[in-house]
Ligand code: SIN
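There is one chain below, alone, in structure tokens, taken in the form predicted on its own.
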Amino acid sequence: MNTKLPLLGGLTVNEFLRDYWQKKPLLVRNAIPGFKGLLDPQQLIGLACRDDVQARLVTHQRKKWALRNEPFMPEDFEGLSRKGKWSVLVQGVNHFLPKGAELAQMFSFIPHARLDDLMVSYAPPGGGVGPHFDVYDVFLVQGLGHRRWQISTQEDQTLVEGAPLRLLKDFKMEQEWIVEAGDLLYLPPHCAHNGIAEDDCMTYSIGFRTPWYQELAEQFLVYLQDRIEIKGTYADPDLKAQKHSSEIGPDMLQQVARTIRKVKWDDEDVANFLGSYLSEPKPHIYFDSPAKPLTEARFAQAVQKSGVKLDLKTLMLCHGSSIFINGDAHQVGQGCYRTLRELADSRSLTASSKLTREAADLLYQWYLDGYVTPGAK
């Protein structure tokens, strides 16, 4: 945490978190030396046409913005002018491209519980998605070509009414840079920005989620409903006659209120909820079990020989003595926890890693579920 990182322009992680994280933008030239990108435009368009990928196409013609979401077919992109103002954006590239997962892992100094995904965008000259702001943190790494970034910390975040995108009505540029391959721009939430392609341009966006409190509260109540048990039924043997039969009487109200107040939770309940909720894959993501699964003994041999790694789509978090993987929670022993925490941290275990019986059993079950595969990176 106190090592100076070229990725952060020579800042340490602690300095970056103290001075920039959720506070102000940071531009780092040549943050990733030699980085030219991971895909070409046609490969990205091919990925956008997969039925298990979230993608968007943004066009800007005759001063009108239009937005279209997946599904896409290759011919949807054939009529687009190379010089037209349009952009294709593909979410979750780290779930399909090993190099994409490695790029996202470079930012693991931010907790995994905050990571959303790696989005990759392509735009021909003049393309972009207009001036806007995001409610999450994002690191923008430039790949192919050049992009002109216009930045503003303005407080006015009034949106254009009726627009299909969250476009700022009155964007006032304060800073402007042209970035090239390997450059990085960090933007905190609500920092207004406008990215315009100078030429054929691809940008790699590592985004970090900031869940709404309303969303967390609602989902926590859903989580609780399967874990509470309040016995008995409503009873009123001393019921008194009421003047107005349509009114809810005070005795009924107080009895039910006392019962509902029996619903209790503590920090451990909240932690278990967060682990399950934040590791839950998005609805469009699914896992493939191995077509011809290894026996448990063969799997153990493969792990001893080459290690094990998480599937690119797997989300894994830890807390206390619990392991959370793709929405499932497992309470484990101390030795097992340390091993699986290492797997969650680095997304792989080497062949030299020592496995407890408990860890080996869980890994095999996760292998059958498609969550892990033999072979460390």
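Bear in mind that the values here come from a model prediction, so they are computed numbers and not experimental data. Each residue number is its position in the shown sequence, starting from 1.
Just so it is clear, the following notes concern the form predicted in complex with this ligand, a form of the same protein that is not shown.
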property	result
Distance check, residue 121 to this ligand in the model of the complex, heavy atom within 4.5 Å	yes
This ligand contact at residue 134 in the model of the complex, heavy atom, 4.5 Å	yes
is_contact(residue 193, this ligand) in the model of the complex, heavy atom dist at most 4.5 Å	yes
In the model of the complex, residue 274 touching this ligand (heavy atom, 4.5 Å)	no
Per-stretch contact check against this ligand in the model of the complex, the hit in 95-103, 199-207, 245-253, 171-179 (non-hydrogen atom, 4.5 angstroms)	199-207
Selected contact from 151, 115, 278, 129, since only one has a non-hydrogen atom within 4.5 angstroms of this ligand in the model of the complex	129
